[in-house]
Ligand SMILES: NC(=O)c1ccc[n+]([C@@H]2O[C@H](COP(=O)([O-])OP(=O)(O)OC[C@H]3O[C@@H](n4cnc5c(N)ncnc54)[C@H](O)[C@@H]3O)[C@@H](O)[C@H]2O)c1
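Take a look at this single chain in structure tokens; it is the form predicted alone.
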């Protein structure tokens, strides 16, 4: 395939070398004449294991060309990768200057091209940038229409500095955000043979994914370092602790707890987190990542309450009360806190939880509901139908096939449903539907 790459920095240079190695004819485009001179002489503009030899080989093969002329590159290729920088500005915002200039140049170049062209943005950009900035600029400068005359899509890169060639050949996944199937099929032709899933999605999801991945990596590093600092004070072996933590593939290193949903609660997580933070504070160990978890959790409860209260409806049915499905444990349940907030605001509530039967509670749960929230007992219903009957708003805080079926069956067109757990088939609900964070 004939491919052009705009921006010969880290991602662009590695992509150019690897695509050339794989047999494509690649034109590299940059405004930096030093980079162009280095590549044309078989040298690499970046320092990376294996890239020097690879760049020399692909340039010698004759499959690599370089230019500073965008129009020339667009005219001679069918597919363009955009890898220009989007650096941070002093206030933390993203500079799109290079991307905007390049979009204008690409649009101007497409004016005179009579064949369909596909542009793939690989620069990390704020979600919505491709649809709201890149495409309108190209359309304005080309006089053409996206999807019909040209395609624009987004493909996040997952290359780590120091191991980029290995990462290019063995990515965790190939994700492309597209507007039209034509672009997706073209990228499948280029990357479909890689040993990973080829995933096609919408552009905003693909744009957001890059930020989610990098933020998660930063979070993991911050978490490990904070555990390391507390281990240092405790006299524990921090490396061994984290090594054993990673042995748990069911909960720790897994998809468990990594789905958007409601706040955490129960008898363990809040209590143990507070205890660890207290110990750290008493030993002058600052743990800002861990210290932010409880406030973040509280904000999530506040968010749910605001979504309900802003509607002004006073009759509310709540499906679920315990801190998670399948248990009667009410201790530090975020649903109990949400119910308390709503009662305090004068809302009329009806609550159903198949596991929470006030007459049958024993031990800590019995003491909790008798001493902390005794008024909630009088609001409990015997069925989903009873809790939903006459309720303008229905809060879904329980999962389960039978629960879901009853909610679908008893839903009404004039009801609002706030989903805290991710019901399987929200389209079956007859009323208005919103997720807690989706």
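Model, not experiment: these values are computed from the prediction. Residue numbers count along the first chain shown, from 1.
A second form of this protein, the form predicted together with this ligand, is not displayed here; the remarks below concern that form.
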item: Answer range among 317-325, 343-351, 199-207, 121-129 for contact with this ligand, defined in the model of the complex as heavy atoms within 4.5 Å; value: 121-129
item: Residue contact check: residue 9 to this ligand in the model of the complex, 4.5 Å heavy atom; value: yes
item: Non-hydrogen atom contact residue 248 with this ligand in the model of the complex at 4.5 angstroms; value: no
item: 4.5 Å heavy atom contact, residue 29 and this ligand in the model of the complex; value: yes
item: This ligand contact in the model of the complex: residue 83, any heavy atom under 4.5 Å; value: yes
item: The single option of 355, 157, 108, 149 touching this ligand in the model of the complex, heavy atom within 4.5 Å; value: 157
item: Contact assignment for this ligand in the model of the complex, among 153, 304, 102, 134, heavy atom within 4.5 Å; value: 102
item: 35, 98 and 161 each touching this ligand in the model of the complex (heavy atom, 4.5 Å); value: yes
